[in-house]
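Coming up is one lone chain in structure tokens, specifically the form predicted on its own.
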């Protein structure tokens, strides 16, 4: 019997709902920056053009929102997060990443989540540039976690030794967000 594709208590949609807190930020690509800091040997700041020079990655994955919808067979193109971290060189004690985004958004993840084969720093969705409403110019996509962990409008990775809650986790969402375990809220 094949593995199920839809976690418990999720409903498949063909739509791509737009959910976020606050206004949709807009940034000119010549002003966009991505920082890598914290427990790294080489703190870095990438421009848009510098990010696009890093190893590309395409991911086809099912995504699952904590609100109960799942979208199957999504296709994302972008940058391999591992390529970003290879340049920054995480220190051995780095175990967690706080993903930073515009509007002071943060999402906590384990370093292994960032390095997973299905994770991508996406700037294209379904063959087109990623719309601002869906996190453009760049968002993190972590398909094996609920979609709030796939931070929109990303601006950096902060590497940490200890976990700490991000924006939604401070408001009662689960620290890990595994859709197969229904880790929705505390």
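Because the structure is a prediction, the values reported are computed rather than measured. Positions refer to the first chain, counted from 1.
Heads up, the form predicted together with a small molecule isn't pictured, but that's what we're talking about next.
- The three marked residues, 20, 69 and 133, each reach the small molecule in the predicted complex, with a heavy atom inside 4.5 Å.
- Stretch 141-149 is the contacting one of 141-149, 115-123, 30-38, 49-57, since its residues have non-hydrogen atoms within 4.5 Å of the small molecule in the predicted complex.
- Taking the partner from the other structure, the small molecule in the predicted complex has no heavy atom within 4.5 Å of any heavy atom of residue 111.
- Within 4.5 Å of any heavy atom of the small molecule in the predicted complex lies no heavy atom of residue 83.
- The shortest heavy atom separation between residue 96 and the small molecule in the predicted complex exceeds 4.5 Å.
- Put simply, residue 102 is close to the small molecule in the predicted complex: some heavy atom of it is within 4.5 Å.
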